[in-house]
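As structure tokens, the next two blocks hold two forms of the same chain, structure 1 and structure 2.
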Structure 1
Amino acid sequence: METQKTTEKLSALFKLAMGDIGAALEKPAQTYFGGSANLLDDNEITDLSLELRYLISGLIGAADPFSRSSPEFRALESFFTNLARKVLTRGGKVDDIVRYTQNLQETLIRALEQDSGIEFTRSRSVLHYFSNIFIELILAVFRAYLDQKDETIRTQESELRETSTPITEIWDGVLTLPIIGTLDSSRTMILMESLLNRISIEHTKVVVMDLTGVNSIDSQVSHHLIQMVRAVQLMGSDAILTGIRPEIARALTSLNIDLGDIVTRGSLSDGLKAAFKMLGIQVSPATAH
């Protein structure tokens, strides 16, 4: 019964000339995104307010204005998601978007009161309706904010992975790969993919993998290591393992892993000398003239 009354009141509001509230809806946007905040320009704020007015009138006039799955509500929610993304991308704060949304709610109710002559403070059902709608819209803003944060974290993780495993062509046909930290399955896959593609593109003859930065090793990590060496060899390149610390060497033998058929050297420097020797290259000091 209460819902029906509210729907009737909302229908009455919908019949009002919504065009009159357009100017009022611009004010919150000007306050939080315009002027010195410089997040949206005047044209964008005008367009935003026009679209908002259209979406709100669509929701109020929908067959079921209470539904959270109606196309009208989805459109309004999507509008707030996109607005939040745009403002956050331009350096705006989530606080400002939330305050804007709250301010918009108050402005909208005030504008509709003035237009309709109905005092909504006496109509709890209508206030309750708008309150619920705007809570959902604020949640949409937070979801957009969290999505953007997740995206930022993913990008940073990706950058970190790339910078933590720099594959460098140190000489024609010689790649070096310093491995730092722990080799887990996902990191091994990423590393192997980029390493094997580099070997294919650059026709690499020798790959020197330096383990100086690896502090500990277990059976899974050693398996990944052997897997990487095998894949490099299958591509027709030679693999040299360098910088195996005494603790790592001891761990490998206790894990019954035999590196007998794999070339190993104590340091990266020795590994490079071995690589040059394999290629028939001799590096000697320049003679003084």
Structure 2
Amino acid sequence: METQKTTEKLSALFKLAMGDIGAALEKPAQTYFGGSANLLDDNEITDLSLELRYLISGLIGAADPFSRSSPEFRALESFFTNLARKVLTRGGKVDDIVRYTQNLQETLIRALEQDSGIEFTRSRSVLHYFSNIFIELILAVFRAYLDQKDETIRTQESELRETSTPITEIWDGVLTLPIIGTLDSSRTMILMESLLNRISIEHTKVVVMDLTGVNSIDSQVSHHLIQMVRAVQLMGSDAILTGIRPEIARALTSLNIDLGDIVTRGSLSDGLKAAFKMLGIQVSPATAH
């Protein structure tokens, strides 16, 4: 009951001191996001503080100012989530967003004290109310930070997959896939998915897969590799394996992997010659004039 009365008084006070409180709320934003930080310009800071002032006023004056599921609290939480995303995207640090949020709480209480002449810092109910609100807002900031971090990791993984599968159209109807590094089951499946998509899009007739850069191969990967070759054939394309080094050849032999009907060549250049031959393309040195 005491806290309920406190919020009612705060709501009334907030409405009377809206202008002064709005000006006070700009200071923490300038400290952490403006000036040398250069994360938000003056207009953005003014708009941010204005929106924040109305959101806090709306929460305090809500039918249930203590509910974390109320539309007013959700709106305030969403504000901090979006602010965190914007600042982080522009190169800001999560530490500064948290410090801004903490400073905001102190600034808000001081602004209310100044306008009312009441020492809210001595009121347990006021401190408890604002503390609960801002703890939740700090958690919203951290959730936004973790979400962006996860998104960054996913983007980096996607870029890494693309750069680790350099599928190139070397000629009209001819794709090359140089496989470099350790070939495990997970990477083999990614290679297969990327390759089959390219075959479908570009109507590829011949795929040359070069294994020169493969360090090692196990039984499961060997079977995935053969499955990839079979999948290429099912797509209506011919597959050529090149660069099978002695240790890889021994491994495939010891694993009883049947390469009987698969075209193999010692080097990528020989594989390309075989691909051109399949397509009836003759490549010859240019005649010097």
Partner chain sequence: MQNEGFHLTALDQGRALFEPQHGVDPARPETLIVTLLDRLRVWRTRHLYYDLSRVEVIDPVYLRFLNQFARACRTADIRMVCIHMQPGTAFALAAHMDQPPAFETAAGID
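Just so we're on the same page, rigid core means the largest C-alpha set that superposes within 1.5 Å between forms. Computed from a predicted model, the values in this text were never measured in an experiment. When a residue number appears, read it as a position in the sequence of structure 1, where counting begins at 1.
Of the two forms shown, the form predicted on its own is structure 2. Here residue 249 counts as shifted, since its C-alpha moves by at least 2 Å between structures 1 and 2 after the core is aligned. Once you line up the core between structures 1 and 2, the Cα of residue 55 stays within less than 2 Å of where it was. The two forms, fitted on the rigid core, differ between structures 1 and 2 by 2 Å or more at the CA of residue 212. For residue 223, the Cα deviation between structures 1 and 2 after core superposition amounts to 4.2 Å. For residue 200, the displacement of the CA atom between structures 1 and 2, after superposition on the rigid core, amounts to 3.5 Å.
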